[in-house]
Ligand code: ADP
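Here we start with a single chain on its own, the form predicted alone, put down as structure tokens.
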């Protein structure tokens, strides 16, 4: 048996309830004896719920603690189904919620993103405390490790950039020795810490990236993401019928798909793995014995059409106020402001006197960006019902199907990829009185 370490990542859907935690334990048990690092996300929709806590606290609505109590109660229900009364895990989980309450006792921090990163990671901390306790109860010797002691980032909150030298040193100090002693390491996805010990996050859905960071630093044999789907699919089965599983993907194709919005893998996940040729498997926690999807080097690039839909989009049309050309110095200024406001640009298009970008609509970032440039530029915002449709390896039939019932605001097309910013429009119907006249 290889003594190289494997890295598993379990998302929120896999631990959304007590049965999910038990199923995770049964999967880990099948690899008993193999060196293993496990990354776990917040349970179910906990991150969404904690984001509402942050928003309520920022708005001084008076409901933040009530919302936090709802999150606490949901976790207590899961613990009650897994543990006896008096188990030490109750005190551990309570300590994490008390730390969150202390934040709510203070005035809202003026930096919303900073406040977000101090509150929302509570979900990962309590989820991993519960899962680690249950694995140990099941006879699977597991060490809970605080990811904030391992993954060091800069001080860009909600989108921390990994400081690789410090992170590698911490992995060697805090993770590898535990595994070499024969214990599993279980840690949180999504979160890290600045050098000043402030909690940061790696971007929404960043737990995949955490697992990739550990895989890279540990020279892992492979990494597996456990999902509620059988592998990487040609489209989201919640939105489309007749989707198919892809048995194999190249790193390149996986990077393209995640960049364009495929939800199965976080966009930053592939690069650390590619750098060391570490294979990635996407498998089903519902049917763990199935093969899933293999992602790695030396995979043939012949694929069917693959569709990704990104909702909650905003389209910004930017033009100079004096109708002058959008020149190089304008572009430099605009890109600096885009970076400053942490806008994630998914598509851009320019003409002589205008520049259009499609970005993820997160919080109030587009409004703050528009305000920052309003002196020199006119900005027209459109964010109601917009979605970004991307098709890799498109065919005319697929494009026609996706256009049906929509108005396309912006379109970009290359040899292998088409992107459309679109919104649904009601179909025109002839009025009955006119039709019968």
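Everything numeric here is computed off the predicted structure, so don't read it as measured data. Positions refer to the first chain, counted from 1.
Beyond what is shown, the protein has a form predicted together with the named molecule; the following relates to that form.
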Inset, instruction - Check whether residue 418 has any heavy atom within 4.5 Å of a heavy atom of the named molecule in the predicted bound form, and answer yes or no. - result: no
Inset, instruction - Mark residue 237 yes when one of its heavy atoms lies within 4.5 Å of a heavy atom of the named molecule in the predicted bound form, and no otherwise. - result: yes
Legend entry - Contact label in the predicted bound form: residue 227 to the named molecule, heavy atom within 4.5 Å: yes
Inset, instruction - Check whether residue 231 has any heavy atom within 4.5 Å of a heavy atom of the named molecule in the predicted bound form, and answer yes or no. - result: yes
Legend entry - 264, 366, 103, 299 - the one with a heavy atom within 4.5 Å of the named molecule in the predicted bound form: 264
Inset, instruction - Please pick, from 422, 18, 13, 24, the one residue with any non-hydrogen atom lying within 4.5 angstroms of the named molecule in the predicted bound form. - result: 13
Inset, instruction - Could you tell me which of 127 to 135, 354 to 362, 176 to 184, 255 to 263 sits within 4.5 Å of the named molecule in the predicted bound form, going by non-hydrogen atoms? - result: 255 to 263
Inset, instruction - At a 4.5 angstroms cut-off on non-hydrogen atoms, which residues of 204 to 222 are near the named molecule in the predicted bound form? List them in order. - result: 205
